[in-house]
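One chain comes next, on its own, written as structure tokens: the form predicted alone.
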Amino acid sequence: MVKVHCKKDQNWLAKALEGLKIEGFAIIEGVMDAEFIKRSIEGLHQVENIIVPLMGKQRLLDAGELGVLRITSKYDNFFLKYLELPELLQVVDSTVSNTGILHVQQGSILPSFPKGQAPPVFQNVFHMDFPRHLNGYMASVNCFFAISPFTKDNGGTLLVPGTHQKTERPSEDYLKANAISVECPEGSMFIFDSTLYHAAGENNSGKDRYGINHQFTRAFFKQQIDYVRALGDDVVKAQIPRTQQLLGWYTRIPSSLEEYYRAPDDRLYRKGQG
């Protein structure tokens, strides 16, 4: 397992990328400071207090999700700051290129349950976030931030090393026998190839566990959420150019001849986007 500290090891990126290639994941400590962590926890609760009444608990349960908060940036623009973190940008640039876009950003407040009593949901089943094999071509990468310390007891994500970029799914016995729990301090970012088999761990700690996951893909793949439409043009245009690009501002699809026949610098889908 590759575990590096981005503030103490000048070669952290090269080491993390090697772990990503060989084992399918790596842990990078020291990405967020205490104030950023504190603001993230406040923001997750703020988003939760909007989404749960808006959608209703039963509808969220029917979706088969546990503590998942989608489109966090729509309900608290603070979460767009994650797209400015230098370490995240370096990983994106080195994997899905500097034209990669945000496929999904979702917060997580994973509740605690007595051992063995967590409800069965999709998150708890071993799966790939990018269920496509492209002959080893990396089309998608995850950057998951530990806002709480991640431990085996509080539901640290389960990863199965070496199961990325496989043409066939390993057996359930193999996945269960070889899964390891991500354990790292708060403020860490763990990255993984989106074809790596993983599952949510079970939180038996007695406290909520906080995290926020990002998945980035090559620019020509459709996003899970249309972030430009979700956030609105005014919000997107208020961001720095790189954040606009990550949100999909340069890969929009024309819906009329007027939009299609724009000048090159004003096109919705800009050239050179991968």
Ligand SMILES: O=C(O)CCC(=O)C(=O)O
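Since we're looking at a predicted model, the values are computed, not measured. Don't overthink the numbering: it's just position in the shown sequence, from 1.
From this point on, the text means the form predicted together with the named molecule, which you will not see here.
In the predicted complex, which of the listed residues (123, 165, 112, 90) lies with a heavy atom within 4.5 Å of the named molecule?
-> Checked against the cut-off, the match is 123.
In the predicted complex, the residue from 195, 157, 72, 148 that sits within 4.5 Å of the named molecule by heavy atoms | It is 157 that has a heavy atom within 4.5 Å of the partner.
Please check if residue 200 has a heavy atom lying within 4.5 Å of any heavy atom of the named molecule in the predicted complex.
-> Flag for residue 200 set to yes.
Would residue 82 show up as a contact with the named molecule in the predicted complex if we use heavy atoms at 4.5 Å?
-> No, no contact at 4.5 Å.
Consider residue 95 of the chain shown here, and say whether it contacts the named molecule in the predicted complex, taking contact as heavy atoms within 4.5 Å.
-> The answer is no: residue 95 has no heavy atom within 4.5 Å of the named molecule.
Does residue 129 reach the named molecule in the predicted complex if we count a contact as any heavy atom within 4.5 Å?
-> Heavy-atom contact with the named molecule at 4.5 Å: present for residue 129.
Answer range among 103-111, 82-90, 172-180, 132-140 for contact with the named molecule, defined in the predicted complex as heavy atoms within 4.5 Å = That would be 103-111.
Give, in sequence order, every residue of 224-246 that has a heavy atom within 4.5 Å of the named molecule in the predicted complex, or say none if there are no such residues.
-> The stretch 224-246, when checked against the named molecule in the predicted complex, contributes no residue at the 4.5 Å heavy-atom cut-off.
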